Ligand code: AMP
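Shown here is one chain on its own, the form predicted on its own, set out as structure tokens.
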Amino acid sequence: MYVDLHCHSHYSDGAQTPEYLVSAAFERGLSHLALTDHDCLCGIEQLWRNAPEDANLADKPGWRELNLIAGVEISCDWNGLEIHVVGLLRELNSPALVTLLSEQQHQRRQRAAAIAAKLDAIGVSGASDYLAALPATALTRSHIADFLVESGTCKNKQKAFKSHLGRRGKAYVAAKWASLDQAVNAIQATGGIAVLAHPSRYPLTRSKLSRLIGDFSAAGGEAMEVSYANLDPIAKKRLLELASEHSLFYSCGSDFHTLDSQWTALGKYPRLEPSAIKNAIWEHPRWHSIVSAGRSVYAPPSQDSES
């Protein structure tokens, strides 16, 4: 089992098309791919629409199968801190999920417009037109950071966040996100599994991280990412311990966004040790129903595919 259950397309803050992600997944030898764009389902809906309906492809000798899983990454507020919850979904048309994502996208557009207005006020114009030309459904501060770099306002994205988009920045606008309870409930309403995303990346002490995981579990969350790109062995060991303490399944994903980031690639993350497999998310009771509700795509044999 070689899975990547966390990646992004250009429908949120990724740089690549959904079709590119599928191609890269085949090249890496993945068996399962979940596209988890921020607060939107456009990318996975596009892949599902274009998936071949000819089941006989699976019977061709040597052809490889890739299971496409519907996913989403929902931004949440936890004690004033932005936390991300990945949803691995069984259905896309659940009213609870559709309503929540619609509200999240509205908040994203409102925030982006407010930031653009602040930039206009300090003489940095053009952000609104830049954002309108993007394929993204879920607008993020990362998109505005790209604009600030491309317009020559900031040297790089790190500078853009520090000087303009971060909490002390000239154009900062606070976000209004869903609660953990709202996100988890919406995911569960689809028959899916709620996964706490990249826990070590939040600016939290060990005790506060444990409190977050406890609150997530109490809200009904059932899994946690314990392996992802650029995670050191010590942090991974701690995450495995925390997930076990809170009886959460282990999930894995690259959190791939762009080819420009040399430290990550689709499917690139520390693999789970054999001793951890028994608690892997693919051992969850609903895993097979989620995979079955997805789509499969096939590719012919390849001499140079990676595993």
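In this text, residue numbers run from 1 along the sequence as written. What you see is a predicted model, and the numbers here were worked out from it, not measured in a lab.
One more form of this protein exists, namely the form predicted in complex with adenosine monophosphate; it is left out here, but the text below deals with it.
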According to a 4.5 angstroms non-hydrogen atom cut-off, is K208 in contact with adenosine monophosphate in the predicted complex? no
Can you check whether F147 is within 4.5 Å of adenosine monophosphate in the predicted complex, heavy atom basis? no
Should K236 be counted as a contact of adenosine monophosphate in the predicted complex, where contact means heavy atoms within 4.5 Å? no
Determine whether any heavy atom of S75 comes within 4.5 Å of a heavy atom of adenosine monophosphate in the predicted complex, and answer yes or no. yes
Considering adenosine monophosphate in the predicted complex, which of R90, H164, R111, K118 comes within 4.5 Å of it through any heavy atom? R111
Pick from N230, Q158, S151, S102: which has a non-hydrogen atom within 4.5 Å of adenosine monophosphate in the predicted complex? Q158
Interface stretch in the predicted complex with adenosine monophosphate - options 133-141, 93-101, 218-226, 183-191, non-hydrogen atom within 4.5 Å: 133-141
Would you mind checking 22-38 for residues with a heavy atom within 4.5 Å of adenosine monophosphate in the predicted complex? H38
